[in-house]
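Before any questions on how it binds or moves, here is one chain, the form predicted on its own, in structure tokens.
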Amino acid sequence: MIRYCLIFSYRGNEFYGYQIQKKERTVQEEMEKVLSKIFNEKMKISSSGRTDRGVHALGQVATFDASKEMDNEKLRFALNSLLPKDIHIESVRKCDATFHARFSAKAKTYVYIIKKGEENPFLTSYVFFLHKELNLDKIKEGSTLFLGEHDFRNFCTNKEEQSYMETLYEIRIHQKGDYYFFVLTGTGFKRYMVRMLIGTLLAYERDEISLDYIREKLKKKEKDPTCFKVPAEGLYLKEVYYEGEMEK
């Protein structure tokens, strides 16, 4: 068997998330359907992680095994010829059998985009619109509480996890014109975690909560999730990081 690694992007607005669902259109289903056609065998892919309904990806990673060897660029061309236009394969590589898109990942970066001003129908699925100027200094002040290793059980919707511990290495927030960019890099992100972190920071910026609210949610060991969450529109999986084991 030969293990392949794919790096690909997709627009999440017309998918019911990444993971296969019984009756809904998903990224995984579209990918496996085309791979099965190309290799003439039933294919199963493993990604670096699931993205939820409406979330986009710029650098999602997946691995799969096939009995037939194909040239990397020819496989990339075949995939892009057959896949729907809202999925695009950026690169194809062959990798060691020990490499796994999910379990070998060391860190991920997500980007969330907010646009100031009235809604634009051409951008509705790709940014979150706000009708006010944001106080970035205040948001950055709140974001420092999330840096480092924490138990994020109250900033996600996962239930009965063995561990809610993750490490946030960096939260960068900057403005370019009418756009605000939130860039978060960490060891991993639980379900809705990025959206709940940003929603909480926006609530602090609006004076709806205090810094003590954030501190208490981080300290509390009982499940009591924050009620603040931004929409999926505007969220992108930007990059997944590995330690050089991707290539043979």
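A residue's number is simply how far along the shown sequence it sits, counting from 1. Every value quoted in this text rests on a predicted model; they were computed, and no experiment measured them.
Note that the form predicted together with another copy of the chain isn't included here; everything after this is about it.
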is_contact(D86, another copy of the chain) in the model of the complex, heavy atom dist at most 4.5 Å: yes
Interface membership of T157, another copy of the chain in the model of the complex, 4.5 Å heavy atom rule: no
Y18 within 4.5 Å of another copy of the chain in the model of the complex, heavy atoms: no
Interface membership of R11, another copy of the chain in the model of the complex, 4.5 Å heavy atom rule: yes
Per-stretch contact check against another copy of the chain in the model of the complex, the hit in 118-126, 139-147, 100-108, 161-169 (non-hydrogen atom, 4.5 angstroms): 118-126
In the model of the complex, the one of V194, A57, L202, A62 near another copy of the chain [non-hydrogen atom within 4.5 angstroms]: A57
Those residues of 133-148 which, in the model of the complex, come within 4.5 Å of another copy of the chain by heavy atom: none
